[in-house]
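Just the one chain here, laid out as structure tokens, in the form predicted on its own.
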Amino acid sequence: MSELKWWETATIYQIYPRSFQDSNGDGIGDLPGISSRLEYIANLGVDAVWISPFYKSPQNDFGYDVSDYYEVNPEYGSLADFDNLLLGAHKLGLKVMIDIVPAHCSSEHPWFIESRKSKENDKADWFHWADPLPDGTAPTNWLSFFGGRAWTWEPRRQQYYLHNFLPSQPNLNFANKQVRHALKDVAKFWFDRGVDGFRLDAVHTINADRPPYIDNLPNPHYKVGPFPKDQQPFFRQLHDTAQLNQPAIQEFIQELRLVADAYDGNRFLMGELDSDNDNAIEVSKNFTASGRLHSTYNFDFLEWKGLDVSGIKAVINKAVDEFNGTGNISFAFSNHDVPRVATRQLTALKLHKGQAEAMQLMLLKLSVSLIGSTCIFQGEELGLEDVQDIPIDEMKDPWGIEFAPEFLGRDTCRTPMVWDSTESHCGFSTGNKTWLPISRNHFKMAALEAANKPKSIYCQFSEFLKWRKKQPAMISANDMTKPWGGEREIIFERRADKQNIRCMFDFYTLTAEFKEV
């Protein structure tokens, strides 16, 4: 059996830099702050860190609106700070992945500033420009994830431009070879600095110019309800036939894969994607076909309302059907875009608050027992819960601000890490105020204290990850059975040439058991 690449079985720790550690007292996390906490991450036993965007940006969407892919936003530090972080992580045996945002940039990026000036300039077709319909309206019925139309009028060109998110996040035109070359050059720049991989943000929202643009169809499965997909107009449409998941995306992915493979054979490309009607795992097969992405990061475990036991089983079943025997799938129960596990899953599994820690530890063990890689969002190793009492006038997320108070957006999972319960801002910052408020409910879960308590989620999960690295069935093969078990059980086997391990998760007792068979 050939040795697997590092990313095929990796446990990846996601860092949201704005909320991880502030080093200079301005209330905003930064790169030197991350460097100061690398030992905490390494001691947890993970294999890699993934750092959400820190590029130069007006911060309208907190880094997912890039105005310069080659510079660090000053509030996060400098390129020298990043190089220092990279060196420190590598010394501790941690791989470093960073977010790259390929589908769109900031309206303050020089590319767009030039493009919007006229129809005749060097960047004229670097973005999606379309004439109005005869009545002056937008060319299609496409909607933005963040509310309103996905088209905004530009009077200088007398045309509309496309943005799948904010109007300040115009979509790049990947039908243009120069655009694809520009993004490949960005990848080379960071690979040359020593970055081990990229998580490609919202890769399914890359658009290639293919006029005439066609309307999205209505979603026949849409029903009004209490969760984001049930409340917002965007989800009343089907998008995969027109607006999203376009076939032309694969051309860029194939070109980017050639860039990655030209290095040492260990550079990782993981694409974030979603699809209509929870079909992301099936769609992922196309994105990970030969010569494309190494893996896809999907939303199947990230359901906003959480998943019951049968729902978790269904996701695992799909993954085994499509990806068994490969490392081409990456799982996550949480990230910077959805409510935290301790809030979301507690409700979905019909458990009470006193069971939160046991549930959290069991789901962490479950996630890293599956085939492929797993991403753990900062604070999940502590069992942090969502912060749902942020005053509206202190909210920062544009999605939440648009739809508050019915929908509070993503600020609820992005509040700063808690490190030391004896300090005013829990060791996150020495400043007078943090960019988002820290919940008092988090004080008792301070990270440095948890790392010294043998029975904490952090320590128990750390011990499990150390055990996992010694199991051939977990780290030398990506083979598993389909799950089985009773109404509140999930059982499956991980298999390798020299070992089979039965993994048993009991949702009555909230315990996990592993034995060789």
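Residues carry their position along the shown sequence, with the first being 1. Only a predicted model underlies this, so the values are computations on that prediction, with no experimental measurement involved.
Just so you know, the form predicted in complex with a small molecule exists too; it's not on screen, but the next bit is about it.
Taken together, His294, Phe323 and Arg495 are entirely out of contact with the small molecule in the predicted complex: none brings a heavy atom within 4.5 Å. Heavy atoms within 4.5 Å of the small molecule in the predicted complex belong, among the stretches 274-282, 256-264, 334-342, 128-136, to residues of 334-342. With a 4.5 Å cutoff on heavy atoms, Arg199 counts as touching the small molecule in the predicted complex. Proximity of Asp61 to the small molecule in the predicted complex falls within the 4.5 Å heavy atom cutoff. When contacts are judged by a 4.5 Å heavy atom cut-off, Tyr160 does not count as touching the small molecule in the predicted complex. The closest heavy atom approach of Ser115 to the small molecule in the predicted complex falls outside 4.5 Å. None of Thr374, Gln169, Ser429, Gln360 but one reaches within 4.5 angstroms of the small molecule in the predicted complex through a heavy atom, and that residue is Gln169. The single contact residue among Phe174, Tyr76, Phe301, Phe165, judged by any heavy atom lying within 4.5 Å of the small molecule in the predicted complex, is Phe165.
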